[in-house]
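Just one chain is shown here, as structure tokens, and it is the form predicted on its own.
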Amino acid sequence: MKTPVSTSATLKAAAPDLIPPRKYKQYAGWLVLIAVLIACSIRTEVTPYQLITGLPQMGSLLREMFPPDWSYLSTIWGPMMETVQIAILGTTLGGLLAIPVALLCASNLAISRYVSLPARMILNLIRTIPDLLFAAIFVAVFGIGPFAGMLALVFFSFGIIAKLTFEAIEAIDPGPLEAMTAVGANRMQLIMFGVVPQALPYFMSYLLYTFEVNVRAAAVLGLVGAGGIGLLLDRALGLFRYDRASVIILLTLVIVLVIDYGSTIIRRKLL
């Protein structure tokens, strides 16, 4: 009695050349990627020649930045602290606003789709607007100053933290939620005792990460008049005082490194 042979096995045996080996698919994928990169380079006029011809100018710019004008440090210290304070307020307020929206967007909490879908659409809309555009809008509305920069970072932080948090909520262990539902827990009890203990460490990690990003972003928002160290950086670059600009860059680097070190310690304790 003959053993029945499947149709796919018969096709493979009859026409082995028609099925491309996996390595050919990999080669085709690499060729497509290279073609896309070449097309993008041609469209954006990015060539190795431009990089090579620009290196001497980059070297002359670096020579003008050193040695830094350390006497300018006393002038920029106040605006730099204002930049950090803008980042603290913007991150904190944005994170607080992100909590209820993340709960509304999470699909595993069985929120009505008529609520979760509009919440996700609003969240996606906010995330499509860059922080500089937010800052320019709020500067036009509220005038030049740190308040506009703080509002820009509130919306920027809200979009990032809400997106990452609701994805973390959807990835939590469903076992505790099912057990609490089986014993008659209501929705608030599910959130407080089933969702928060699992999602809180991730939320804090996202909050700290966003704060690091916002310190750098707040330094740039001043270029559009949103307060902070960016105003002095724009002034130094406009006056071709690259030695002063290097002081601002180095001070920003030191502060970001300190914040990154502190955030790493906090994340380790939370996770």
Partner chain sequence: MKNMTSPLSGKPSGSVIGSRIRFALITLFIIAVYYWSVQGMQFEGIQGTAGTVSRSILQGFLHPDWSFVYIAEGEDLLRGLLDTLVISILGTVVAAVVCIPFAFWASTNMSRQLAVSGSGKIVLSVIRVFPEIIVAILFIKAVGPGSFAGVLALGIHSVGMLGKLYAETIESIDRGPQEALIASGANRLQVLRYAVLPQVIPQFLSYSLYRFEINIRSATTLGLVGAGGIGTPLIFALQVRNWNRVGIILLGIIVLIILTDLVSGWVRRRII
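Positions refer to the first chain, counted from 1. In this text, all values refer to a predicted model and were calculated from it rather than measured experimentally.
The next section is about a form of this same protein that is not shown, the form predicted in complex with the partner chain.
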| item | value |
| --- | --- |
| Stretch in contact in the predicted bound form with the partner chain, which is absent here, among 68 to 76, 111 to 119, 159 to 167, 136 to 144 (heavy atoms within 4.5 Å) | 136 to 144 |
| Heavy atom of Pro100 within 4.5 Å of the partner chain in the predicted bound form | no |
| Contact label in the predicted bound form: Leu132 to the partner chain, heavy atom within 4.5 Å | yes |
| Val220: touches the partner chain in the predicted bound form, heavy atom cutoff 4.5 angstroms | yes |
| Non-hydrogen atom contact Gly29 with the partner chain in the predicted bound form at 4.5 angstroms | no |
| Interface residues of 49 to 66 toward the partner chain, as seen in the predicted bound form [heavy atoms, 4.5 Å] | Gln50, Leu51, Gly54, Gln57, Met58, Leu61, Met65 |
